[in-house]
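What follows is a single chain, given as structure tokens, in the form predicted alone.
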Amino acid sequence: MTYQTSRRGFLTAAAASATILAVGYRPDGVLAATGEAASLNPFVKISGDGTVTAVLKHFEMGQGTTTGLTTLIAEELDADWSAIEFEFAPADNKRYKNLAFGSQGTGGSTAIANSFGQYRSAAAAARAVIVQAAAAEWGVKPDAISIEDGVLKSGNRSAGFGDFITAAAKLDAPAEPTLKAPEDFRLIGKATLPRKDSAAKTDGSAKFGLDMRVPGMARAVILRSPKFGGTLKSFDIGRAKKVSGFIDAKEMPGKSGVAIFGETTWAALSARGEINAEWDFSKAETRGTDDMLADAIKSLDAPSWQAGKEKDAGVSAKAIKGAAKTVEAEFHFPLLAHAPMEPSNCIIEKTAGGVTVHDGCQFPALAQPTVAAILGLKPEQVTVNTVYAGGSFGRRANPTADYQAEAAMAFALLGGERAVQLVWSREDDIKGGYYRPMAVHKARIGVDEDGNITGWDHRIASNSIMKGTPFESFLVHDGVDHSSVEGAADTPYAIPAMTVGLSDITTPMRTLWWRSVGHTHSAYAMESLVDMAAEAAGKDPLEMRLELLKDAGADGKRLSAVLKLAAEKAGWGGTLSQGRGRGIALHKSFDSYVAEVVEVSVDDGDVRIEKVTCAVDCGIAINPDVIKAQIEGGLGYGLGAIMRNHVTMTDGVVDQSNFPDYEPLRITDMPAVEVHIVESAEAPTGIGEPGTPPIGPALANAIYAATGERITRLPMSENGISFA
């Protein structure tokens, strides 16, 4: 989506004390000038010694926001990149809301897209008042002053930002500051700009949630039901009391489990292993994977809703009837865990006025009121100290703020005085966390004698992620959870007579967005089906896609451009040696356009992924190196899941527990990757997730080209494919 907001709505003022110039906005959005810096939560702060600090409303989980948002400030301010600093914004839903969500949080690949205008405008306003103050002191016109790397110059005069802070703080910030023209950018688009978080993460000084320590804090872990929906009946801590470092164990509210406290995390985990608990499974999920899958497949026969442009399910059936050829396929997608390197954790610490949550916090808008409600506080009494997060892939931002809520409950159960660090182990998360939903797609496509698609009947069964959450009001319409059908129901391809039916799978299991949400499965199904339709039509897969994009408007033009670029760079159509194959896939997600070509080799039945060539159009490329890293990471994350990952259940209990049986991508699996960024003057769009959806179908199409085997059930390693 494109975010269009007035700069007047972002910039509120230039405010300052004797040593600080803060540029931001008031909660009411009205422009104002004030001498009290504390009355604003700004986007940029400049101290009396000239230090520039970018205040980041989006946290850092590896995706590069500390570099991207700081780049926008440094660019418009002409600050010294090597000296500019950053800090994470406090929890403040009014001042630091995500413009895509209307509340403070990071996700949906929106960090740069929704901040592009805000941060540039704030920095441009700061630059304007500093230049105005300098011009007055030097007796020159503002346009006679230049700034380079934080130094103001005019004739033989030069000075730093700090020399004019006091005077600048008394000036009104311009309502519509002049922004740089793209041709004047010196940092935006610079391929060699070093990341702001690299040094700290390399030397170990970067603080992640698990690194945080509060004097005297206790550690807590939770003993949860082994089956989703189970509740606690009773528990015995007799043996746990013998564990060195054991503090206590308390029943969690709602009988959701047992909180075990220890002087160390190891003590708490060890004590948990000694607790005997009995559970009530009367309302729990007790099915196994095969039964859940069978129920999902059965639901496809009578979809509950029509999610596509065509609301009459008979439209596609009529168009397919009598087609020269018919393509049919059914795709199975398993439950997937997020499995970030740093599992969920946070600290709740008592303060004079309330509590502080120390956390790699992805959604302060959810965590702050949740913790406040549990502890009987007002939201403003809950301070969130945001630190680095070791990955998320969606796990940290869930509608119930689950781990922050558990931490608050544990803190209260221990008496509300001693700080508590709640820790999930990786086993906790894989066996009992949130999951990418299981999904089943079934499609029937008609192709006429001229090789044209006549109709497309597409049906999807999946767990609803959004229903019953705060996001339901704007992501569920007419019964359809858009996250279940995105990428299919709204395909940019000009497909005639296409219907998309949706059935909800219901289960007590907790499902959640996973890197690229519904696009993870819809792209695989759609791009595999386009290849299958191309084969039935006797057309090259590239040719088929370009034909389907001819009448697809602006999206069609941008998609065609990345498709052609990826194909050209990959040598599409060139001769391959025996045992090799190429596959292509294309997808739009988070307003970005990505095409990927995978080349594989097959030796003695084993598949090796040799190379991935990617073309991406994500608007103005703020940090090309970060974009390439996100594409590489996104497709690598997708490859690991597609190749080997699945979460299965036996009688309602998850079978997998850690990396030995939920295996991540190996370094030896990672192919050579080329990323080509389309030069663009369009506003920036998402980049953290769009690299993931096309990689699965591109790989599947390449394997088919090399072996003639079409893979419609994932993971591949469980369905006939062996990887070298």
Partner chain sequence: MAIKLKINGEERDVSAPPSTPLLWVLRDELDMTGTKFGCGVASCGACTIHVDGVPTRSCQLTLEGAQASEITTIEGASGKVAKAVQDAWRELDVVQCGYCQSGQIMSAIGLLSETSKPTDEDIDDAMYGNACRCATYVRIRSAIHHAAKTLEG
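It should be emphasised that the depicted structure is a prediction, and the values quoted were computed from it without experimental measurement. Numbering follows the first chain given and starts at 1.
Form predicted in complex with the partner chain: not shown, discussed below.
Proximity to the partner chain in the predicted complex, taken as heavy atoms within 4.5 Å, picks out 263 to 271 from the listed stretches 575 to 583, 453 to 461, 131 to 139, 263 to 271. Proximity to the partner chain in the predicted complex, taken as a non-hydrogen atom within 4.5 angstroms, holds for one residue of Y637, Y434, Y119, Y403, which is Y637. Of the candidates V562, L223, V530, A339, A339 is the one whose heavy atoms come within 4.5 Å of the partner chain in the predicted complex; the others do not.
Proximity of A536 to the partner chain in the predicted complex falls outside the 4.5 Å heavy atom cutoff. In the predicted complex, the partner chain lies farther than 4.5 Å from every heavy atom of I247. In the predicted complex, the partner chain lies farther than 4.5 Å from every heavy atom of H332.
Contact check for A554: every heavy atom lies farther than 4.5 Å from the partner chain in the predicted complex. Each of G62, D197 and T668 is positioned with at least one heavy atom within 4.5 Å of the partner chain in the predicted complex. Residues of 401 to 430 that come within 4.5 Å of the partner chain in the predicted complex, judged by any heavy atom, are W424, S425, R426, E427 in sequence order.
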